[in-house]
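Only one chain is included here, represented as structure tokens and corresponding to the form predicted on its own.
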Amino acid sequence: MVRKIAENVYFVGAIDWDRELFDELIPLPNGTTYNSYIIKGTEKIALIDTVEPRKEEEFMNNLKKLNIQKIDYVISNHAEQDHSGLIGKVVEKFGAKVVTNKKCADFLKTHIHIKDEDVITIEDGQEISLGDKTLKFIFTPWTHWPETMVTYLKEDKILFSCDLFGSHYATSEIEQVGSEKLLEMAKRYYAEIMMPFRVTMKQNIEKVEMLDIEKIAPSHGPVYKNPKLIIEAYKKWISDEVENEVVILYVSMHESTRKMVEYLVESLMDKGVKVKLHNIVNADIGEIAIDLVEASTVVIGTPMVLTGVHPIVAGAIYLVNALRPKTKYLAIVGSYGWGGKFIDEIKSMLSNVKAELLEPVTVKGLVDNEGYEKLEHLAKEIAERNLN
């Protein structure tokens, strides 16, 4: 499929309607796209990124529809294979030179065996001319990987942002002004992919904001015809501001932890606190990640298994620690049969989360009145801190 997004600028990517899982980890409830763009200048032709290798036939057919016989430059904004996987084929078939930064070039040599002689290494802020069109390269490290960069087409004011501002969203609407659905999918993508780099992303967003942008063309999901929409959303997500929300992640084996969690939920609701509850036995980790983006407090609810945390809860804790949400408070509730050290175990697993740990509430066996009183105290403390 080919779509014109500006004069002599075309989407030549692929829509993967049926893909259900990314990296064998991330659920894709709305599929995804692998975006690639052709830019035809009066003197040179450039390709921005490629697509997932399993979409090679569709990608090559797109180039054929545009009668592309030669590509002078293939710009690699990011070395991950869903963007770079066909660069070797483009070099071989169209005689292109790979244009990228030094770190990305090193990754391309490692991951897809690109040769030194096929690479042109550029510096931050450098430009290349295609004749009547100019590409400017801006390094944006840790907008996923350490080598990531964006490319700005000056004359058309289009930012090719690679993973930054992307969304796993298969749709026939290649360009959008910005729907509620698109923002939902973009937030999910931010939560799953970008949130661990929230702090370092601030300076990259500042660099992008200095550009005069009319469209943002990411490497996954629709092209934004209203760049301000997604830039402002990102500024909110990466800020230090949190919402009056509590995310509770729990598992219960013999009802006690479930009763504790349900009591806590009701008490928090009575105190005006918004609660997002996940029984994580069969949870969508993307939904958990979304809820972590702006929550002020995270509560872990777990029973003891042998002498430690429940294994499924351990997986959720690993996820929280990896995503590094900006949550300000953590709490732990749970029950045990005869003893153990799951509190210390959980604390050691959350070393990346810079949040204050509130007094844990644990009970032996089925929760009793004393346990409910402790939960009431915890709910009161969470509400007071959230509202302050």
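From 1 onward, residues are counted along the sequence shown. Being a predicted model, the structure only gives us computed values, none of them experimental.
Same protein, other form: the form predicted together with a small molecule, not shown, and the subject of what follows.
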Check your understanding: Which of these residues, 286, 303, 88, 141, gets a heavy atom within 4.5 Å of the small molecule in the predicted complex?
Key -> 303
Exercise for review: Would you mind picking the one in 233, 253, 277, 120 that has a heavy atom within 4.5 Å of the small molecule in the predicted complex?
Suggested key: 253
**Study point:** 4.5 Å heavy atom contact, residue 129 to the small molecule in the predicted complex
**Key:** no
Check your understanding: Using heavy atoms and a 4.5 Å limit, would one call residue 257 a contact residue for the small molecule in the predicted complex?
Key -> yes
Check your understanding: So in the predicted complex, does any heavy atom of residue 27 sit within 4.5 Å of the small molecule?
Key -> no
Exercise for review: May I ask you to state whether residue 335 is within 4.5 Å of the small molecule in the predicted complex, using heavy atom distances?
Suggested key: yes
Review point. Heavy atoms within 4.5 Å of the small molecule in the predicted complex: which of the stretches 303 to 311, 147 to 155, 199 to 207, 186 to 194 has them?
Key: 303 to 311
